[in-house]
Each structure stands twice: as C-alpha cells, then as structure tokens.
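A lone chain, given as structure tokens: the form predicted on its own.
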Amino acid sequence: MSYTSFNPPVRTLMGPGPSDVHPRVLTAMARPTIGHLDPAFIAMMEEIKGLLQYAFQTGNALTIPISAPASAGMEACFVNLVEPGEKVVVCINGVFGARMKENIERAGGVPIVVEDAMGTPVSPDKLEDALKTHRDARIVAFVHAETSTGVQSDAKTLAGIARHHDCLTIVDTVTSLGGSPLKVDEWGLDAVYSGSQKCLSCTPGLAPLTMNDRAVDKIKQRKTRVQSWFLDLNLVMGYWGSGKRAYHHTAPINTLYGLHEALAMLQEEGLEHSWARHRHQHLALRSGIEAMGLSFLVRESARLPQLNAIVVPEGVDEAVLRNRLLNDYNLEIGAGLGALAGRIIRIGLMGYGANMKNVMYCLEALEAVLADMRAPIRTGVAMNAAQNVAVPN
C-alpha cells in the first residue's frame, strides 16, 4: 500500500481537550529546529520558566514543563514525592482522582481514600476527618478541576487543611491552568501539575509542573531512589536548572516553541482577563443550554467554566448525538467517563476556543441535532439567550 501526506479534517474542538490550537502557536511550531543545548534554545527555556511562573502565580524555582503529556506530570509528582509504605490521603470525586490513587499504589504508597460523588467538589470536612484519623499521613492529593465532571474544588481550603496537619499537597490543575483562578503561592500548594493542551491553547505533549521548596526538600531527603529514571526530578533539573546544563533527554524542541508562544499570549492577554473571558463564555453557553431546557450535572457554585457537563435528555443516545455533531458539523464534544458514560456530554470552552463564535456554533448544532432526534427541548431560543448575556466590564 502506498501512503501520502496526512491531511486532518478541520474540526471545531469543544470537548474536554485538546482544545483548538491558536494559529500563532502553530506558526511558532513550524520555525526551524535547533539543538536542545543550543544557547538560543536555553535562553528560550529560561523564558518558559518565567512565563510558567506567571501562569501558576508562583515564585518556585522548580517550575518547568515535563517533556510528556499531563499524565506524565501527574506521575512525576507521585514517583518523586511518594516513598514505599508512605500513607497518602487521596481525594476522589471523579476519574482523575482515581488515577491519582493508582499512581500512589504503583509508587508503593498506601492510599487513604476520601471519596465524594462524581459531580460534587471534594469535601473539606471529609479531608479533615481523614487526616485526624491518619495522623501519620504526610501527603494529600486532590484534583482542583475534575475534567471528567466539570467540578471545581476549593484548592485553597483543602491545602490549608493539609498544611495544618503537616502534609504536602499534590494538585491536578490540568483543566484550570489559564482558564480559572489558580494561585499556587497564595493558596499554599506544594506540587502542582497541568497540561499544555487545554486553556493554554497549545498542542498536547507537555506537562507544566511547579514545586515549592517544601516539596523539593522531601525529594532530596528520600530514603529510596525515584523509581522512574526519565521522571526523576533530581536528573531533570540538571537540564532545566539554571547555570550549566547537563544532557538528560532531547527536548521536544518545536513543541516547546509552541508552549512559549502560548504562554506569551497568555501574558499579553493577562491572567485575570483570561479567567474573565472563560467565565463569560460559560455564562453565555449556560444561558443557551438552559433556554433549550437542558441541565448541568454540577451546581453553579462549583462549576468549572471551561468544562461543561450537561445531562443527556431522556431518550437520546449520546454516542449517536456526538457522532452526528462530528460528522455533520465537524464539531467535537466529549462523552461521559466512568459511571457517567452515556449520561452526560462534556462541552469544553478552553483557551483560544473560549469565544462567542464557538458558543453560538455549538448551540446551533446541538439544537438542530437534538430536535431531529426528537429530544424534549425548546427550539429557537438558545442562541438569543446566549447572545443576551452581557459582556463583563
């Protein structure tokens, strides 16, 4: 068989990620490749570290992108901070909290589970009770923005409870970084990881990560060797640290060009403006969805603006709905995961894709397909409702 160049279809990406990549990022990634120890590239690495410190709102010296997807950022935190036999309190209120538990087990740790229903935030009271019961625990892990449900937990409060009990925190911010308030230093978060493919409008393949001195000290005081060679931060920092760089791996050079451009754009827009833009587009989408007669899984006060979990109307096959949106409108939305499979759809409003054009296009397509599927919805009102949402000052 003879193969030629691959030309992907042009889609509008409004699922849980990846999000639409900004044209400036794609252009940046097409620039000439240089060596990963080239002085010009090393200078750009330093700029990326500073830009990530801004995005995370931190002064942490260890603030870098891991050369792998967000899942590797998660694994980097656990394999570096968790030692065999160590108790870790892990808060599970969705699929990605459950993945944290598996990482703890694979690192040889003992998970102490604090569980909340999917679609509800992590309970501070349950965390407090768990830490009072397990006073020898030294790490608390939780998801700030649970991508599987679109629920946001109170990271500042949870981190405060953990610190009161002398515990470090490992925090998943994959879907929150750049899209909703995240203040690593102010909230006292210790080890935080994210992804490049969501609210940063970059391509998948990099995992922004930051750790404070408390977390770094724990890594340096390990009694056992980090089980992963590639993700051992003692080694990685030889490459990403300041001063003379030691070869560790060949960095994904052009992908890092893209991340640099994405972070520069975030700085140009301003974090607060980005947070407000995501919030406004969510409110517009919400007005249209509710005018149509559909409902959200998560209560408004705990809802993540950039990831909207919407209950599938009775009698509608959500797989058929998603396939028709993809095939007829080139519009990608997400399915429910785990226990919510078949029960919800997930609509992302992330980064470059968080704009009114996408909101209106999504509502138009969703209404047309649902009406054709004889779903019990109100027609002809969604787009006007979204359009009437006032732009914040």
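What you see is a predicted model; the values in this text were computed from it and never measured. For every residue, the number given is its place in the sequence shown, counted from 1.
There is also a form predicted together with a further copy of the same chain; it is not shown, and the following applies to it.
Residue heavy atoms within 4.5 Å of a further copy of the same chain in the predicted complex occur in exactly one stretch of 135-143, 227-235, 286-294, 178-186, and that stretch is 227-235. Contact annotation: T250 falls within 4.5 Å of a further copy of the same chain in the predicted complex, judged by heavy atom distances. In the predicted complex, none of the heavy atoms of T157 sits within 4.5 Å of a heavy atom of a further copy of the same chain.
a further copy of the same chain in the predicted complex comes within 4.5 Å of a heavy atom belonging to E332. Interface membership of A341, defined by any non-hydrogen atom within 4.5 Å of a further copy of the same chain in the predicted complex, is ruled out. Taking G270, P204, G241, P124 one by one, only a single residue has any non-hydrogen atom within 4.5 Å of a further copy of the same chain in the predicted complex, and it is P204.
Contact annotation: of the candidates M383, V21, I377, V369, the single residue with a non-hydrogen atom within 4.5 angstroms of a further copy of the same chain in the predicted complex is V21.
Of the residues in 17-35, those that come within 4.5 Å of a further copy of the same chain in the predicted complex through at least one heavy atom are, in sequence order, G17, P18, V21, R24, L26, M29, A30, R31, P32, T33, I34, G35.
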